[in-house]
Structure formats: C-alpha cells, structure tokens
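One chain comes next, on its own, written out as structure tokens in the form predicted alone.
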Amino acid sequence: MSATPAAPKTNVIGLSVLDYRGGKTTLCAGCGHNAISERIIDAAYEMGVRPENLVKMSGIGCSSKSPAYFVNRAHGFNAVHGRMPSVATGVALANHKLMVLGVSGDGDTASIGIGQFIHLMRRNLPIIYIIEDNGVYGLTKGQFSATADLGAKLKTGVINDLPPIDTCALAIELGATFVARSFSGDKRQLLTLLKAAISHRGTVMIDVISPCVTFNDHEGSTKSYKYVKDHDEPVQELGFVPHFENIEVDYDPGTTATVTMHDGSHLRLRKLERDYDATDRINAMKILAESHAKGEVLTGVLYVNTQAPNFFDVLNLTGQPLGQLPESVVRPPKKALEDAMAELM
C-alpha cells in the first residue's frame, strides 16, 4: 500500500502557504525584490491574513511588478507612476475593513511621487507602504534615483554629486507611526518587521535596501549586497509574538523594550550596543543623521507610536465601509440643496 501523503501545514485560519503564493517572477535572477515578495508571503501566512481582505497597490517600475508575485487571491491595482498613495487612500477610505499594502520603488516614491508620499505620511492612514530601494531606475538603464548616496558610482563610472532623500527620516518627521529600514538579504529581520507591520493600525513605512543586480551591485555602489552587508548596523535584535500565540521568550530584564501593537501582539526590541528607544521620535531622527555621517545603513524599527490617532479616527468614519453605505445615507435629499440655495438668495 502506498503511504497517504501528509496534509499540508496550515496557519491559524486554515490556509497553507500555497494560498499566499503569486505568479512566477519576471524580474532579474537574484533581484532583491523577489526576496521581499517571499517575506511578504511568509508574513501573511504566519499572521493569518485572509487573502480576500488584502489589497495590493503599486505604481510603476520594477518594484511595482512585485504584487503580481504574492497572494494571488488578493485584490490588486497598478496606479499611474508616483500616484499610488492617492489611489490607496481612496481604497482604504472606501472600505476601511480591508488591509492595504502598497509596494513602491525609490523612483516611484522619492522622485515623481514625492508629493503624494509626503501627504500619505502626514495622514497616518492605516497602510503598509514598502519601498524597494535600489538607488537606481532599473527600467530605464540604471540612472541614479533620488535615494542614491552622495559619492556613489554607476557602472559607467559616473559619480553621484547630489545628497540622497532619506525616506525614513522624512516619514518620521511627517507623522508616520511605524518606520523601519531593512535589507532584502536579511530574511529574519525583514520577516519580523512585516509581521509587526500587519499588526499596526497606522502608516507603516518600511524602506528595504534591495540591490539591483543588473545596474547597482558593483564595487563603488552603496546599495550593493556587499556594501550593505559590510555597513549594516541593526539598532536592535527583533522578536515578535503574534496575539494568537502564547510564546514564552527568555530575555534579560532591562534589556528589552516591549511595544504592544493594536491587535494585542507584542513587538520586542532587544537592545544591542546602542541604548535605543524606538518610541523617541526626536532621537530617531538624530540617530539617522548620525548614521549618514558615519556611512552606516541603520536597520530595524527606527520609530513606532501606537498611541497616535489614525486617519479613520480623525475623520470619525462610520463603522460600515463607505463603499457599502446606501444612497439614502451618502446622498443629501433634494431639500438640503433647496435650503442651501435659499440661504444664498
């Protein structure tokens, strides 16, 4: 008799990891973006995200192809170049029971889309916004993007003579309530950050250094695999306990800061050499400035605030999704127009 094949392992809502897969990637072999897609799959599976409750948003660029490679059963939309934040805002407001996850690139965010990015960060809209950051325009032959470091060198020998936009510093200054930086090659750290991001009810902005193997993974690049590996300075060792699991974690008293997430999950930040408090907004901006001066790539949770009201709270939205409200509620009666016109006469 042949052995009965073992049933696939399932998560807390009874789905297997195959339910979170996407299409086959068409990106370059070794592209860091593919590793990010894999971590999104793992995080969604481990956190029990219902695929039909997820909306995948993106703009234009190599990074914006990534949503095709994870969670096929989710909703998806490719916006115009740099305009994903406004479309994502509309989606979130129309149905705030959906989880909105936006994937962008350093060009899509920090160049053509910088205006929309700024206003998204200041609203604290519940959204997970991932920047797949390689410092170049991968679809147009590798020119420097706005996040390219001063002094970085292209394969052609051209040196970047403009200072970079630090999206993490910008997000913290403007009001995002969960800001982190990671590296596509750090599987454990990135997975932990994404799982914590799923629990947050505010704007999550994760800048992921994701080397472009075609145009920006050479000697002289400050966003290559080798450079980031040599200059990575984690601000803490991360651990995450989902709200539906009761896990005991051993750690020395006084060495770990625990942040309670909105759904009851706990993000534990283990202090390394730095005495770093991720809830201190001013210190977060200070340490980012210091890391730039030292040529470090600072990774980990840079800032988290679970107390600030999100955009839904500020607007005092009804509990029912706006897209499901009947016309009798959202459309004022004819008398309301007549009264308004009478006041103007």
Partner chain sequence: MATLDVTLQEQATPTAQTGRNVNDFSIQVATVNGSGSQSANTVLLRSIFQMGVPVSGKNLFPSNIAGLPTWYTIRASKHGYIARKKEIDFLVAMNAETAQEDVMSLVPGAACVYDEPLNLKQLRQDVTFYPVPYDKLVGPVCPEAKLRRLVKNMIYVGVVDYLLGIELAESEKAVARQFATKKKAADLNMAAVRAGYDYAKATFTKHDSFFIERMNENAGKIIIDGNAAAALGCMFAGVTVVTWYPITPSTSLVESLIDYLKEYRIGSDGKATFAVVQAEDELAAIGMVMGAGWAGARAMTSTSGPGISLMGEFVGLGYYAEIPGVIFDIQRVGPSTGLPTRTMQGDILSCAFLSHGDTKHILLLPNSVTECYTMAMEAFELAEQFQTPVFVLSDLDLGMNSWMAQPFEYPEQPVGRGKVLGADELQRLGGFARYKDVDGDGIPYRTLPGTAHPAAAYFTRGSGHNEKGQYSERPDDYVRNVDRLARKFDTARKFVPAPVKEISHSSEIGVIAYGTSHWAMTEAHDQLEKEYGIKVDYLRLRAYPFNQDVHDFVKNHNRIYVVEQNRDGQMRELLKLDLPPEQIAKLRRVLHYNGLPIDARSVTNEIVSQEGK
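Positions refer to the first chain, counted from 1. Rigid core (definition): largest C-alpha set, two forms, superposition within 1.5 Å. These figures come from a predicted structure and were not determined experimentally.
There is another form of the same protein, the form predicted together with its partner chain; it is not shown, and what comes next is about it.
Under a 4.5 angstroms non-hydrogen atom cutoff, its partner chain in the model of the complex has V55 among its neighbouring residues. Residue contact check for V329: one or more of its heavy atoms lie within 4.5 Å of its partner chain in the model of the complex. Looking at I172, you'd find every heavy atom of it more than 4.5 angstroms from its partner chain in the model of the complex. Its partner chain in the model of the complex is approached by T318, whose closest heavy atom lies within 4.5 angstroms of it. The stretch that touches its partner chain in the model of the complex, counting heavy atoms within 4.5 Å, is 309-317, out of 285-293, 28-36, 41-49, 309-317.
Residues from 144-165 do not approach its partner chain in the model of the complex: none has a non-hydrogen atom within 4.5 Å of it. Superposition of the core reveals a Cα shift of 2 Å or more for K335 between this form and the one not shown.
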